[in-house]
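Below sits a lone chain in structure tokens, taken as the form predicted alone.
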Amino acid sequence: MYRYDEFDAAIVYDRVKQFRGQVERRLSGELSEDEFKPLRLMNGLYLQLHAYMLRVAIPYGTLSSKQLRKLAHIARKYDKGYAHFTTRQNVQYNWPALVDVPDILDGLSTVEMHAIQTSGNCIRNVTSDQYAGATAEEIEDPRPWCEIIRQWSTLHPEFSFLPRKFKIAVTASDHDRAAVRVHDIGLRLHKSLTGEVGFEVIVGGGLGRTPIIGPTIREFLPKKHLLSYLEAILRVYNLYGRRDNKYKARIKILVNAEGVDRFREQVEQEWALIKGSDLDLPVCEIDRIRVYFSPPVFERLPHESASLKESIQSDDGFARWVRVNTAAHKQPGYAIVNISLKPIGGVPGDATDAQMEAAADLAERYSFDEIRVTHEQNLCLPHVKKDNLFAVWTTLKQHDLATANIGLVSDIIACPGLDYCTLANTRSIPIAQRISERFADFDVQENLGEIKVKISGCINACGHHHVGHIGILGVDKKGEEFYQVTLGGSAAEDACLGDIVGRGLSSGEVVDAVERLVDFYRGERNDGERFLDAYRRLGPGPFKEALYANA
């Protein structure tokens, strides 16, 4: 895990000190809310429906147990005893008092955390695959590259006031768990025909009002040129991106308006001016950063674990959890453990202070002091011995963290919606809760297989509904909450946007309609066929009929 150097520490310390003075001026009345707004946003502080909300960065989703315990402490002391993990691998506190925010930021600084660039028209938190460094699927660990981008982008003087917010994701696996094609820039590490490892560069993806799957503008970029090429992209965007209309200010609008070929040409022309400059990464610097992400010292273990096999045979609940919530590890005798933050009837992505401390204890004891946050609002222990899985599961059960539903119909992504957000049209959380309760039977869920349900409370699409196998968008109809359904979306390596299938459904109709969709799929699928595959095979027509039957 990367450790802050003296420059990182100084930046964070100075920012906390500055913001403490700004908060004092706001509380005294010296600053109005309008004057204070740009200052608080630069420190990750939003004003929502009922209170301020603080968004804390978790770069590339990686936490130590010490950091997670600090997050738990903040939730207990300064909030209402819980925190919310987001689709950007961030954590949010929904109820901090303004007077306490400087103390919260000061506490975060003691564990090398901050809220810098979690808001505003700048390069936001760089995200990655939660299995990075643990899965055999990847070419190499992508997190050193995320860290290099973080250092380059932090308080970058040219890119601190972009036309609009800017999001970057990096993956190194063919199986995309980082949703790189729906980011402003997506980077995929892969090998060239000669065996050299470099980046596919994807630009102009995004959801919201104008959802677009990002096109590839460069098939292969040598590693040493990463920062100069990113700089060229950002310069073109900063120069030509619209600033007269925030709804048309994202880079996806620019790429679409210019056309991919013309945009690529502009980037290449700009890159020619800076390629070979001091932005090119020397091997020694890449190696220096990579050392921080050296793999743990794994024990030499057999592929199979006799104790694990015995526990699976003796406990059906544990056996299900192993099947559903663990993934293959690159090291024999180890597994990747997914911790669901989606209990039946719970709020997707929320974790209490006690749950965070329990997860921190497990990370420290069983996962080399490391825990990950996923973009699907769950947690992950990346390196757990198979012999320890039963002990991990037993502890998770005690803290209501052992729900065996990763990737299943109740593992729902949902934004905070109208319960918190000033932009939302409808509530997302109650719909997610009711759907999970409708499919509470875990035998049914496992039999159904992978179904990605994603819910947004407004067109800004913080719940990623456009790329859900079943997407649900909240819309306002004359003061009433309605929900529009999209089908067939994906955020994975086969990324595509879902199809809008018809009229909106009332709050009272939508859960029944989802159940009809699922029942239709169950009756029509081939052996082993996922919901998404069945939809692609059969097309939207029959699914639409099922959705609106008796509605």
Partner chain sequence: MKAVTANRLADGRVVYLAPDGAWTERLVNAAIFENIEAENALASLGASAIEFADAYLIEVHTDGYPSGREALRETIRNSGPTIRTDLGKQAENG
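All values derive from a computational prediction rather than experimental measurement. Positions refer to the first chain, counted from 1.
Missing here is the form predicted together with the partner chain; even so, the following discussion is about that form.
Is there any non-hydrogen atom of residue 96 lying within 4.5 Å of the partner chain in the model of the complex?
Flag for residue 96 set to yes.
The partner chain contact in the model of the complex: residue 140, any heavy atom under 4.5 Å:
No, residue 140 sits far enough from the partner chain in the model of the complex that none of its heavy atoms falls within 4.5 Å.
Does any part of residue 300 reach within 4.5 Å of the partner chain in the model of the complex? Heavy atoms only, please.
Contact check for residue 300: no, nothing within 4.5 Å of the partner chain in the model of the complex.
Is it the case that residue 522, even though its partner is missing from this view, gets within 4.5 Å of the partner chain in the model of the complex, heavy atoms only?
Close contact is absent here: in the model of the complex, residue 522 is far from the partner chain, nothing within 4.5 Å, heavy atoms only.
Though the partner chain is not shown, can you say which of 316, 287, 476, 310 has a heavy atom within 4.5 Å of it in the model of the complex?
Selected option: 476.
The single option of 429, 148, 358, 234 touching the partner chain in the model of the complex, heavy atom within 4.5 Å
Going through each option in turn, the one that passes is 429.
Looking at 253-261, 78-86, 223-231, 103-111, which lies within 4.5 angstroms of the partner chain in the model of the complex, counting heavy atoms?
Flagged stretch: 78-86.
Along 50-69, which positions have a non-hydrogen atom within 4.5 Å of the partner chain in the model of the complex?
50, 51, 52 sit within 4.5 Å of the partner.
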